[in-house]
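First comes one chain, alone, set out as structure tokens in the form predicted on its own.
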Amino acid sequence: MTEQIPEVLRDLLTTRYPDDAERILQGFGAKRDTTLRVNRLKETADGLRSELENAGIPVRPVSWYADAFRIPSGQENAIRAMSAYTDGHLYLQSLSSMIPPVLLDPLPGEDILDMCAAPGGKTTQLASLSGGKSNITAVEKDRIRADRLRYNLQRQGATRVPVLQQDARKLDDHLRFDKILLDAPCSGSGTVLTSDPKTSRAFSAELVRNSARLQSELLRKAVRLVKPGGIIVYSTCSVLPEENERVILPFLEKGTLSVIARSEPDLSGHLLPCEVPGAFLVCPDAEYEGFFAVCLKKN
């Protein structure tokens, strides 16, 4: 099945990861469980577990995140039919995409910016983690995606999250935030599925170059907006260093930012070699999509 991967992506992976390219390619064909998390604004983890089990849906915990559960694949339609889903007590979300909000660790009273927020999985997770007590501002430039973001925020009960329909690069430089989540637009190289050609149809070397340029511009803006000593979590669903390490390395080399190494989440056995110590570069496999995330401090 790996022959369905675009040749340009295969070449990039072979060049960047001579010892791990085949592992990544095999990960694109892995069948994953459905994963979801509880919305603390409306339910508890124990309460959601009981609802799922009473509905005949087997539940497995996630070691590093008490709010998350694994559900056997094929159960997604049954979950969507539950009132817990329609009422916003849970959110269907990949494990990889749950990592950045956990790294950001939103606390009550903090001013937090989500720079590229739609469709709202990470935004609503931030609200859930803080018990709805962080002051979150969500930004999305696309009108349709911004409407979807508002819908998800409303359904999840995240009522204290204003949405700005704006290009995050054009935010007023006088704004200041304690923490910023920059889940940057990317090539999606970590989320390719050999079973679904649509996931790689748009992939190209030009897309990688354009994404890297946009990512650098967004990170420069994030640096201007975060307070001294503040935190930026930078993440992408790409496994290519052009969109990850090489975007942040100039800021590290200049001393503008420094990496805050986190011991959690524990992703032992799921990581790829990375040029930035302390960053998480997740290999696509039977549990995770390919993903990059790093916690940065403004010096």
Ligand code: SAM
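Just so you know, these numbers come straight off a predicted model, no measurement behind them. Start at 1 and count along the sequence shown; that's the residue number.
Although it is not shown, the form predicted in complex with this ligand is what the next lines describe.
**Q** Is there any non-hydrogen atom of G88 lying within 4.5 Å of this ligand in the predicted bound form?
**A** G88: no, not in contact with this ligand in the predicted bound form.
**Q** I'd like to know whether K227 contacts this ligand in the predicted bound form, with contact meaning heavy atoms within 4.5 angstroms.
**A** K227: no, not in contact with this ligand in the predicted bound form.
**Q** Can D183 be called a contact residue for this ligand in the predicted bound form at 4.5 Å between heavy atoms?
**A** It does: once this ligand is placed as it appears in the predicted bound form, D183 has a heavy atom within 4.5 Å of it.
**Q** If you check in the predicted bound form, is G120 within 4.5 Å of this ligand, heavy atoms only?
**A** Within the cut-off, so yes.
**Q** Sort through 103-111, 201-209, 183-191, 154-162 and report the only stretch with a non-hydrogen atom within 4.5 Å of this ligand in the predicted bound form.
**A** Stretch with heavy atoms near the partner: 183-191.
**Q** Can you pick out, from R148, R169, R176, K133, the residue that has a heavy atom within 4.5 Å of this ligand in the predicted bound form?
**A** Looking at R148, R169, R176, K133 one by one, just R169 meets the 4.5 Å heavy-atom criterion.
**Q** I71, A84, C116, L95: which sits within 4.5 Å of this ligand in the predicted bound form by any heavy atom?
**A** The residue from I71, A84, C116, L95 that makes the contact is C116.
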